[in-house]
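Here's a solo chain for you in structure tokens, the form predicted on its own.
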Amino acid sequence: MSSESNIEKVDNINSEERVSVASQGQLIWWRFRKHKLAVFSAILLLLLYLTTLFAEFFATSDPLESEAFRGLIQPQPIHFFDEGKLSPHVCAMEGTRDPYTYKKTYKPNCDKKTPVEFFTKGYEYEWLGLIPMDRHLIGVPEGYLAEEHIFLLGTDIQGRDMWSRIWVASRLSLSIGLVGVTLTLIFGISLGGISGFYGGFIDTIIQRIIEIIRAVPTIPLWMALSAAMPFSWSIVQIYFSITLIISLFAWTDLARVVRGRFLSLREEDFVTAAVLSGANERRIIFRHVMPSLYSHIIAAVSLAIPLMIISETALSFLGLGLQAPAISWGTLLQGTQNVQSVALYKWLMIPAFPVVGSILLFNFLGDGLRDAADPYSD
């Protein structure tokens, strides 16, 4: 028993020494690894962002290819076995006209089967706008047209494949959060830090600007700015305009938090010691004060990215954000603006699931990072 207790004491001493000499980054990483849900969320988000880089590879057909006669086809599952043999295929979808409502409905006819192949050739695209490619994860053999035979998540009212459009939309909707939060960090940390560190007249001016921005009603302003965008602008120009607009209203909360922390920390002993030792203002801000704000910044970022995603989705859904032919989660959900669509064509609501899922993952990740940024807390 004495030997075991001695071993435990040695282990405790080694762990304490390890913590005492560890950098702040190491402490954050060790604490973050203990948060299993946050680690799992981080892995899923990493996979999600990596797969969106290859969105066209996972798509089965051109997301802009439309044809009215195949509009509102229900989801079409893949059957992997045929008469006990491995033979991936989909059943043909045949449309019939309802004699009472005159609506066209589709039913699977498994007497007509379309083979499904993996890593096959399909429509041509340019990966990241640079490299011409025509390979896809799922497709149909040569001689078939994917946009006429395979609809894994159904089609919208214009006959465009929902599976392909969701993959392409994920890239835009997820990237707008990263670009937007980068601008938010730049504005919030810079202006909030200057306001709190220097105080006085500069603090008064910046705080009045923040109050003016927060007093402006966002919905009417978004409507006005959306109407002011020239119709001749490209999708890329509109994308960055929407990102900038959202960022201009999202940085104020972070700036307030950073200002408050700077006001409380600039009188601390370690800041005074840095000033007396001759450290310049830049070193004091970034080497001495900023590390104390990591938990607050991480919490703000973990909330800012989902806010960006929701804002873009809501604006595009209301017709104030991205417009066709741009493809985002918000534009995909525009087809669900009436009860009839939701009741009769439930698969049009599928783009809402990646919105909810990604936001939950970011929140779980943010909780873990926020706790990890304060490694000495219990």
Partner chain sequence: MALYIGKRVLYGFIAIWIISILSFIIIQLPPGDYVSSYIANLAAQGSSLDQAEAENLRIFYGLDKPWHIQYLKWASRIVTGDLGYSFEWEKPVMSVIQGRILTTVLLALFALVFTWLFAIPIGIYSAVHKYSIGDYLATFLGFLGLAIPDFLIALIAMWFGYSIFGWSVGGLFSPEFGTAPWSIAKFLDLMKHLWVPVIILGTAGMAAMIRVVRANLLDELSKPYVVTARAKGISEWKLIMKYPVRMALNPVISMSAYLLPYLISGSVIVSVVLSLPTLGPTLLKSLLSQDSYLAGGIIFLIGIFTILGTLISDLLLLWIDPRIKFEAR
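The term rigid core refers to the most C-alpha atoms you can superpose between the two forms while keeping them within 1.5 Å. Numbering follows the first chain given and starts at 1. Predicted model only: the values in this text are computed from it and were never measured.
The following text describes the form predicted together with the partner chain, which does not appear among the structures shown.
Which of 174-182, 120-128, 220-228, 156-164 lines the interface with the partner chain in the predicted complex (heavy atom within 4.5 Å): Careful reading of the contacts points to 220-228.
Contact residue in the predicted complex, chosen from L48, L333, A326, V39 - any heavy atom within 4.5 Å of the partner chain: Only one option qualifies, and that one is L333.
Interface residue in the predicted complex among I212, L145, C110, I235, criterion: non-hydrogen atom within 4.5 angstroms of the partner chain: By the 4.5 Å criterion, the partner-contacting residue is I212.
All of L64, M133 and I150 within 4.5 Å of the partner chain in the predicted complex, heavy atom check: No, because L64, M133 and I150 lack any heavy atom that approaches the partner chain to within 4.5 Å in the predicted complex.
Contact test in the predicted complex: K103 vs the partner chain, heavy atoms, 4.5 Å: No.
Proximity of T313 to the partner chain in the predicted complex, heavy atoms at 4.5 Å: Flag for T313 set to yes.
Close approach of I202 to the partner chain in the predicted complex, 4.5 Å, heavy atom: I202 lies outside the contact set for the partner chain.
The partner chain contact at K346 in the predicted complex, heavy atom, 4.5 Å: Flag for K346 set to yes.
Contact set, 297-327 vs the partner chain in the predicted complex - heavy atom within 4.5 angstroms: Residues within 4.5 Å: I310, T313, A314, F317, L318, G319, L320.
Displaced residue check between the shown form and the other one: A227, CA, 2 Å or over, core reference: Comparing forms between the shown form and the other one, the A227 CA shifts at least 2 Å.
Shift of N109 between the shown form and the other one at or above 2 Å (CA, core fit): It does not reach a 2 Å shift.
Core-aligned C-alpha movement of G143 between the shown form and the other one reaching 2 Å: No, its C-alpha moves less than 2 Å.
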